[in-house]
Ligand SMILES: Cc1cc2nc3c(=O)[nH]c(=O)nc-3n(C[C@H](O)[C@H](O)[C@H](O)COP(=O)(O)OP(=O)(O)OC[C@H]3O[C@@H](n4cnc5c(N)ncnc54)[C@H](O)[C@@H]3O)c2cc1C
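Shown here is one chain on its own, the form predicted on its own, set out as C-alpha cells.
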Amino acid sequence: MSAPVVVCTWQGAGDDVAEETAAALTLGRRVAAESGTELRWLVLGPAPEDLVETARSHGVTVVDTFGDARLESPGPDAVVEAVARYSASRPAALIVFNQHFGTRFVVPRVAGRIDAAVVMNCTDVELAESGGFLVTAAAYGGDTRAVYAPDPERTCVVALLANAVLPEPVETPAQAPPVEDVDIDVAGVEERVRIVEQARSEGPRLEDAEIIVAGGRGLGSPENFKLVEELAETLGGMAGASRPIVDEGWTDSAHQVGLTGRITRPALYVAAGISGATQHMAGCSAAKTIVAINTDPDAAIFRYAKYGIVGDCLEVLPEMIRAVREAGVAR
C-alpha cells in the first residue's frame, strides 16, 4: 500500500492542537506504520501555534497546510472543495477526520466527491489480511460495534468519534517534518448555508472532565437540575444532561452527553434520573465507573452501572452531597 494516510483538521488561528486532533494523529500513525506508508497531516485554515512540535511528536511525515483566507472561518462547501481538490492531486489510502458537528456536513460529501468509501462514528481502524482496512464503528446508537470492510481499491474516509482513541505521542520523536503549502483555489466556492451566529463555549470542556454528574427527566423539573450542578461542584467535576432535558430547555447543549452531544470518558459518571437509552450511553459508556440512580429497577442504565441505587434521585442527590462534604473530599 503506497498511498498515504491523511489526517485532515481545521481550527482557529493561534489555537492549541485539540486532544481530538492528537487522537486522530495517533490512529493515523499506527495505521501508516502497519501499512508501511507515510502519514500526512492536512491543516486547513490558520495553523496552530504548536503545529511543528505536535507533528514531530506524533510521527507525521509531512504537514500540508492550506491557509486560504476562505478557510479562516470555513463553511462546509469550502472545506469539501478544498479536501476534494487536495485528494485529486494527492490520492490517499485513508483520510481521517475528527467527528464533530461541522464534520457531519463535510465527511460524507468529501467521500462522494472523490468516490470513496465512508464510515462515520469510527472507533478504530486496522489492516485487513486480504488488503484494505477493517473499520470499527459505533452502531445502533452506540449500543454495539460494527466492523466494515471497505473496498480496498477505493480511498476510505472515516470520522473518528471523540475519546475513541487515547492520544499517544511517540516515545522518541523524530526530526521536525517538512511543512508544505498546498496551492488550491477555492475562491469561487459559494457557501449555501450561512452561519448567522457562531456558538461558542468557554471554560473547561465536558469531554475532558474526570468526574461528571448528569441528570435526566427523573429530576422532575428544571429547578432540580441545581442538585446535579451542586453534586458536580462538590466532587470537583462538571454537570451533564440527557438530550430530553436539553431539548426542553432545562440546561444548554454544552452539557448534553450522548451520540448527538458530547462523547465523554470520565473516571466517574453519576447518572441521576437517566433511563440509559443507547443514544445517551454512546456518550458515557467508556467511563471507568458509572453510578446510576433510578426509581425503576429494570432501567437500562443499570446494565452499564458498576453501582446502582434504586431510588428517587431527588432524595438521593442531597444525601450524596452531604456525604461528600462530611467525608471532606469536596473540592
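Just so you know, these numbers come straight off a predicted model, no measurement behind them. In this text, the rigid core denotes the largest set of C-alpha atoms whose superposition between the two forms falls within 1.5 Å. Residue numbers run from 1 along the displayed sequence.
Separately, the form predicted in complex with this ligand exists; it is not shown, and the next lines address it.
Mapping the unseen interface onto this chain, A287 falls outside it, with no heavy atom inside 4.5 Å of this ligand in the predicted bound form. Proximity of G258 to this ligand in the predicted bound form: non-hydrogen atoms within 4.5 Å are present. Using a 4.5 angstroms limit between non-hydrogen atoms, D312 touches this ligand in the predicted bound form. Taking the partner from the other structure, this ligand in the predicted bound form has no heavy atom within 4.5 Å of any heavy atom of T61. The candidate spot formed by G216, A277 and A299 lies fully in contact with this ligand in the predicted bound form, as each residue has a heavy atom within 4.5 Å of it. The chain is drawn here without this ligand; in the predicted bound form, the stretch among 170 to 178, 243 to 251, 150 to 158, 129 to 137 whose residues come within 4.5 Å of it by any heavy atom is 243 to 251. Only one of the listed residues (A55, I293, L27, L44) places a non-hydrogen atom within 4.5 angstroms of this ligand in the predicted bound form, and that residue is I293.
Once both forms are fitted on their rigid core, the CA atom of P152 lies less than 2 Å apart between the shown form and the other one. Core-aligned CA deviation for D298 between the shown form and the other one: 2 Å or greater. Annotation for G283: C-alpha shift of 2 angstroms or more between the shown form and the other one, rigid core superposed.
Note: A300-L166 Cα separation is 3 Å or more shorter in the predicted bound form than here.
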